[in-house]
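There is one chain below, alone, in structure tokens, taken in the form predicted alone.
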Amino acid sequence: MSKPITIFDTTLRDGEQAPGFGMNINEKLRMAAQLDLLGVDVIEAGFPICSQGDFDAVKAIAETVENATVAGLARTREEDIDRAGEAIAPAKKGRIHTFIATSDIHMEHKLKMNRDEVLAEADKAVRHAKSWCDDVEFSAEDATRTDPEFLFEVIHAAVEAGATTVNIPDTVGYAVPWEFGQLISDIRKRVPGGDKINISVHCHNDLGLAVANSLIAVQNGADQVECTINGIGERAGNASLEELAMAIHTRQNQFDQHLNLNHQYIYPASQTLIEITGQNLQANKAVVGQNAFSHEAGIHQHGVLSNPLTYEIMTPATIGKKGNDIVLGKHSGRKALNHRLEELGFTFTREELDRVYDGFIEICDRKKIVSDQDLIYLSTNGVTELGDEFVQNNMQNMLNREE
């Protein structure tokens, strides 16, 4: 039987910290409701100490979310933890997520603390958080640039203090998959009681490896993956929830793990975030991008129209998208053109279709994509009666209209 992996969504916290992705309380509530429908296990709703608005949003989400655990982020400072504890108090299931940096570069230049001081701070913070709730997550910020021996020591101290989840962040997106997988495996082997520790990973995408690092972590024993809708987040973003989910779902034969998600809400969640933030995705974004299920090349269109599995490894319906898109352009063939013409109500003989296709290709040389309106204008039933002259005249009118 496969092992369930906890999905910890930080769209409303780490995601919102990216420039241009700020959300007000109503927008956060709307996004949280969508995440709950999606079935994420944990919603990190915000960083309560950072502002009154963030505190109010976390508290409102804690009051309204029905299924997911609601987490609030806190530094190891007592006032941070108290603020997070107050914000999540109304939740049916609440979690405090506390963190401190453990790499030498962060300790020296940011914290101005030594290793013993960081160890003591981690221990104290987890113990204080436990006075607010049983579910406490501890993160060793910049774990992948931390001396492994010290990292093992900090993890052990956090677990001994009562942390129920220990998070291993690749805070600056520095790790490569084989290295990160080995680190997770080593934590299991080297930390006392490591076989019983609930390990989380939080990967950033600075080298474009966040999803790959998260997947290799899962294969090496990680129990929780932290991610965001559309991969938003600081700098180059976080591991993308939709890519993680569909990688495990589509390649289930490669995983002894599964996610308890309602996959049909993936695309709606993506679209909701776009609408709320006004930040569009690049067209070729995996899984949820505009072109993820779109086909223009004739050979691809021919294959997809015969059987979608020829060029699609997952179905649009799986993620809650209506269907694939056959985009008509200069790379399209007669089969795709005829398919769309039939959908628009036109039926042509092969000879007639050849004439329409010739006109279509000439238009394509002037436009990137030919619209339905263009096809209707070019291909009326009159082509059957008037033949080449009608097509040529209509095509010329079309070209004149575009100039």
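Since the model is a prediction, treat every value here as computed from it, not as a measurement. The numbering used is simple: start at 1 and walk along the sequence shown.
There is another form of the same protein, the form predicted in complex with ligand KIV; it is not shown, and what comes next is about it.
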What is the one choice in Thr228, Thr171, Ser332, Thr102 with a heavy atom within 4.5 Å of ligand KIV in the model of the complex? Thr171
The single option of Ser240, Thr144, Asn167, Ser214 touching ligand KIV in the model of the complex, heavy atom within 4.5 Å: Asn167
Counting any heavy atom within 4.5 Å as contact, can you tell me which stretch out of 80-88, 93-101, 182-190, 119-127 lines ligand KIV in the model of the complex? 93-101
When the contact criterion is heavy atoms within 4.5 Å, does Ser139 count as touching ligand KIV in the model of the complex? yes
Are any of the heavy atoms in Asp14 no more than 4.5 Å from a heavy atom of ligand KIV in the model of the complex? yes
Interface membership of Ala175, ligand KIV in the model of the complex, 4.5 Å heavy atom rule: no
Any non-hydrogen atom of Leu151 within 4.5 angstroms of ligand KIV in the model of the complex: no
In sequence order, which positions of 192-211 have a non-hydrogen atom within 4.5 Å of ligand KIV in the model of the complex? His202, His204
